[in-house]
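Below sits a lone chain in C-alpha cells, taken as the form predicted on its own.
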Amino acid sequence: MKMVRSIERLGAWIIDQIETLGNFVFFLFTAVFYIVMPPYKPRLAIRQLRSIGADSSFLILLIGAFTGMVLGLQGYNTLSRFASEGALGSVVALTLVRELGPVLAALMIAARAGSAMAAELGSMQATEQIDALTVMAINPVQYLVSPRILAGLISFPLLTGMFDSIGIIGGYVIGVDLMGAPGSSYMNGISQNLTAHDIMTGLYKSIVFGIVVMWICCYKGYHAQRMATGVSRATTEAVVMSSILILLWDYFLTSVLL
C-alpha cells in the first residue's frame, strides 16, 4: 500500500508540473499574441519602457562601470605576468559584450524592475483588480502583460548596450590611466578583435533574457495567491526563477552561438 501511495503521489506531482509548464507556455503565447492584436495601447508600453528601461539606467551604468573597472584591474594584473598588456582592451570588451554585459544587466533588471512588476501584479490579483478589468470587458493579459513584455524586448538590448559601453570605459580608466597599459593598444585591440558576431551574440542573449524575465515575473505576479503572503512569495519566486533561467539560457545560447 505504501508503494502504491508513493507512486500515486509521484504521478500527481508529475501531472501537476506538466500542467504548470503548459500554463507557463500558454501565458507567454497569449501575451505575445496580444502584442500584435488591436486595440493598440502605446501609452501603456511607453509607461513600462520608463519603468523598466529609464528607471533602471542609473543602476545599469553604476554596475557596468564597476564591472569594467574590476575587469581592467584584474585583466591588467593577469596579462602583465605574460607581458601582454596590449591585449587588455580585447579581454575587457569581449568579456563584457559576449557574457557579463547581457547576464549582469538582466540580473539587475530582474532584481529591480522584475520584482516590482511581480509585486504590482500580485497586489492587483490579491485586491481583485484583475477581476475588475475582466468585468469591464478589458482583457487583463493585453492590458497588463503584453505592454510589459514589449517594453522588456526593447529595454533589455538598450540597457545591455549601455552596460557594455560604460564597462569598456571603466576598463580603460583603470587599465590605462591608473595601471599604465598602452592606450592605443587598448582601443586597437577592441576595433580589431570585437566582431559583429560578438555584438550580435550579446544582442541575442539580451533579447532572450528580456523575454524570460518579463515572462516569469508577469506570470508569477498574475497568478499570485490572493493573500498577504502570496504577493511576497510570488515576488521571491519570480526573482529566483528569473535568475536561474538567465544563467541556464546563457549557457545554452553560448554553446549554440559560440
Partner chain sequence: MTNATSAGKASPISISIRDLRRSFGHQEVLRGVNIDFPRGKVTTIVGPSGCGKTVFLKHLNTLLRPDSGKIVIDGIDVTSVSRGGLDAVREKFGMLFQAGALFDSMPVFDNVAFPLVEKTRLSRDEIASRVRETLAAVGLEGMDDKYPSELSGGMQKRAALARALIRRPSILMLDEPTTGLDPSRTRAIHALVRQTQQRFGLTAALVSHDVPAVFEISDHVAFMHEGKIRVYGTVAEVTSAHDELFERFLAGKASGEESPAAAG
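Positions refer to the first chain, counted from 1. Please read all numbers here as calculations on a predicted model, not as lab measurements.
One more form of this protein, predicted together with the partner chain, exists but is not displayed; see below.
Residues placing heavy atoms within 4.5 Å of the partner chain in the predicted complex fall in a single listed stretch, namely 137-145, out of 84-92, 101-109, 137-145, 173-181. Using a 4.5 Å cutoff between non-hydrogen atoms, S80 does not count as a contact of the partner chain in the predicted complex. For N188, no non-hydrogen atom is located within 4.5 Å of the partner chain in the predicted complex, even though that partner is not displayed. A residue is said to contact a partner when one of its heavy atoms sits within 4.5 Å of a partner heavy atom; L133 meets this definition for the partner chain in the predicted complex. Residue contact with the partner chain in the predicted complex: T127 places a heavy atom within 4.5 Å of it. Residues K41, R43 are the ones in 41-61 with at least one heavy atom within 4.5 Å of the partner chain in the predicted complex, listed in sequence order.
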